[in-house]
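This document starts with one chain, in the form predicted on its own, laid out as structure tokens.
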């Protein structure tokens, strides 16, 4: 059996050292680790869902603290917590519905008024069944309601009854873990296939002889553009180079290798070229609950240029990038500063970096942010693996994936 704690520490170390590139890879590794945590966690007979939630939250807090700027980690941790709550409620709803059927059977068969004994249902189960979730109870359950009494007539407890209860508890425990792991496996499959799901919609948005502008490097954008090319759409792509890391150069090479007409422009030329562009398409680092976007540095400038010239600004994002938090939340770290060496040669600027002011700080300072924030008012359309959505609808879409109890870990 693998040592889960050592796996967690190893992954935390990778997150701290930024050894995992990309939100999709980070999200998938996080979900696979949480699946191992759930699989090897010993669940008690009572409060099974709470035990799983506490275990996942404990691990999730370590992962988020290791790399707080990678919001995909917190997103998928909250998704897993939501799966646990959803499956627990599903089992509770099924148990209440089953009790209703058993009581109806007792009324039909027990002509002498002596019912067959069943253990009482806890108030927590009845309350859980009444809560609204993504997987609501059936219409029959809603019409029948919960039983008026949480306790049913109970006969003498024999040894066989005790063994039966123990077996039932073990069965329910295995059922909950099995259903949760199945849900987590579905989440892994969803993350792995998000690029393909988004790319399938390209033909609906990219038309013949259009000019598309993008910024930086994004595999989602790459697959989206190539999918339109495979559908025999002819168009040209302007790629802003994405200084100082020049990620746009990498995207331009991949686009040319796939047969797309590509033009590389400087970041400062975006406003000058925007009048020739039909659509701006960018990949998101994260989509916030208010519809705001965290993207590569410089993307806000492109959004403002698009707004000025009435050019649609389209954001591509997998569901694992949908964050239930708002930009003003204190636990949200919107940016991080990269090394100044990406901007300046320390050998050439060594004189400027001397502490010559006498105040204990250098005369020249370098700020090299990684991300930029785009408010929802500048976004025209979001395209996710579930379809296209207006910015005003994103809060509702995000609410479908998360539980309010899990926003703060």
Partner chain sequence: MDSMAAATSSSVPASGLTTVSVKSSKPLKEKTTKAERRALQDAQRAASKGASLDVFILALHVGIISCLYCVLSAEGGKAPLYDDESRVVKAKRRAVVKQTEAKNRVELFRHLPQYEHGTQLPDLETKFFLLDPMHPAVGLQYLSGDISGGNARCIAMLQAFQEVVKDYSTPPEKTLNRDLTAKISSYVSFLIECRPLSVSMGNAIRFVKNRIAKLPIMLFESEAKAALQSDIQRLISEKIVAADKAIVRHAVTKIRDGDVLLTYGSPSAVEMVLLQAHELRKKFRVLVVDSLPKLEGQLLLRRLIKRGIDCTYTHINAISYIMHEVTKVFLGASSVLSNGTVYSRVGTACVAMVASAFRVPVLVCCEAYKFHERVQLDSICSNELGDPNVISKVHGRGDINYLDGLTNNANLQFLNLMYDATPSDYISMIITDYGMVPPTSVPVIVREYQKEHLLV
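Residue numbers count along the first chain shown, from 1. No experiment lies behind these values; they were computed from the predicted model shown.
Keep in mind that the form predicted together with the partner chain is missing from the display, and what follows is about it.
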{"property": "236, 241 and 262 all contacting the partner chain in the model of the complex, non-hydrogen atom within 4.5 Å", "result": "yes"}
{"property": "Per-stretch contact check against the partner chain in the model of the complex, the hit in 287 to 295, 77 to 85, 190 to 198, 328 to 336 (non-hydrogen atom, 4.5 angstroms)", "result": "328 to 336"}
{"property": "4.5 angstroms heavy atom contact with the partner chain in the model of the complex for residue 381", "result": "no"}
{"property": "Touches the partner chain in the model of the complex: residue 210 (any heavy atom, 4.5 Å)", "result": "no"}
{"property": "Contact label in the model of the complex: residue 278 to the partner chain, heavy atom within 4.5 Å", "result": "no"}
{"property": "Residue 177: touches the partner chain in the model of the complex, heavy atom cutoff 4.5 angstroms", "result": "no"}
{"property": "Heavy atom within 4.5 Å of the partner chain in the model of the complex - the one residue of 181, 202, 95, 305 that qualifies", "result": "305"}
{"property": "Sense of CA distance change between residue 330 and residue 375 in the model of the complex, threshold 3 Å", "result": "closer"}
{"property": "Note on residue 333-residue 73 C-alpha separation in the model of the complex, which departs from the shown form by 3 angstroms or more", "result": "farther"}
